[in-house]
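Here you get one chain, nothing else, as structure tokens; it is the form predicted alone.
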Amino acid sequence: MAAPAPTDEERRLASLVRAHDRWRGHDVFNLLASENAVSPTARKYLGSDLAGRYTLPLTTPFDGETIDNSYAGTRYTDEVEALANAAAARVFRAKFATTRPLSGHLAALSALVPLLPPRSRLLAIAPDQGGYDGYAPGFIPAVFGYTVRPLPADGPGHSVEAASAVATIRAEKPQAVVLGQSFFLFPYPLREIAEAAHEHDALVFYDASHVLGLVAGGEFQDPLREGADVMFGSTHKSFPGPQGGLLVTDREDLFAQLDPALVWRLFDNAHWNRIAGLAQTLLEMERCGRDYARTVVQNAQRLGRSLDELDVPMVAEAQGFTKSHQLHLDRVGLRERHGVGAGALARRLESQRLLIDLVGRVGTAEVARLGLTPDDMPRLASLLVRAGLKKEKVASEVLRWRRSYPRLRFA
């Protein structure tokens, strides 16, 4: 019997996916700080048979037998996971690693929930100082009964100053300090923070979601060596993997509590196609991560300088703009000097095939993967200014330039 013809909805869906792949994969320069390009091999694994497979760990005997998994057929799945975890441990110079968390947010929960009892007191950077909204009082803390107090990030570009951080830790005496930001330009004074936290037996969690690829490449800071007890994060921002999360630590006592808590509490299945794609990205980063991370940061610093020279108000000019993959537009200065908000600017740029986010962040991770170098940043800055501030039509020029980069680097 012949298969039925595709429905109108199926044809529409196919058209939308093709259009998206062409638009985002070939027709624009993506400068979103929260995104990256996944390598062709990792994408192939995402679309493999692993995408529909499942495992179900058992923690109690069944019919008198002790078995690890209620499903047969997982021999290769188990090896993929073991390979991914070993690669994560090597890349982040950690003793213990898991690639099971389904996102950076769930990676955070995978660390906090098993290690911090309800009503624990946390310090975290507030959203109005560049912190992640998930750690704000109404979100993760509200769900699990935590009290959260702000860790000051009032230095240039929402950076954390050692003296104020240490003073806050000693005054608040929290059970944990959670580091990590959505607006993330500069490394933390982590040794000082960890020393102050450990004086009171507090744990230090490092949410590396935005800077994970730079940490992997040795270009930002080395959280576990500098005193963090657990590092976690999402794997699709400066780290160029599929959407998901991972968690690493050097502390066997903590990992012994974390690893069993991942299953049946926060999630059960771990999406094995994602883990295979993540494993491939980890292996690519092992080979190319240092060159990649160096290029990302150098691009960001050169782009910041080039935009500043073109009269775009930037945050942290005196500090060299950034040491990460992010740049921050000075939103107040943008309105005062050019009469445009960050959101309106982003919409103008999108119409000309240039993508930034609507809150004033500009990221250089994906353009580094395409092959752009610091020498290309003045040209990119010029296009951003011409399209965003001068309202010129540069879409065809952007398209020609973008299509001169048909393959990813560092992949």
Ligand SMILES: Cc1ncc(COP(=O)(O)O)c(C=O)c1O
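Residue indices: 1-based, along the sequence shown. The structure presented is a predicted model; accordingly, all values stated were derived computationally and were not measured.
Omitted from view is the form predicted together with the ligand, to which the following refers.
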Picking from 234, 295, 159, 322, the single residue whose non-hydrogen atoms come within 4.5 angstroms of the ligand in the model of the complex is 234
If we test each of 277, 223, 104, 213 for a heavy atom within 4.5 Å of the ligand in the model of the complex, the one that passes is 104
Please tell me whether any heavy atom belonging to residue 146 falls inside 4.5 Å of a heavy atom of the ligand, as the geometry stands in the model of the complex.
no
Using a 4.5 Å heavy atom cut-off, state whether residue 182 contacts the ligand in the model of the complex.
yes
Please check if residue 209 has a heavy atom lying within 4.5 Å of any heavy atom of the ligand in the model of the complex.
yes
Considering only heavy atoms, tell me if residue 92 and the ligand come within 4.5 Å of each other in the model of the complex.
no
If contact means a heavy atom within 4.5 Å, which one of 174 to 182, 283 to 291, 330 to 338, 223 to 231 is the stretch that engages the ligand in the model of the complex?
174 to 182
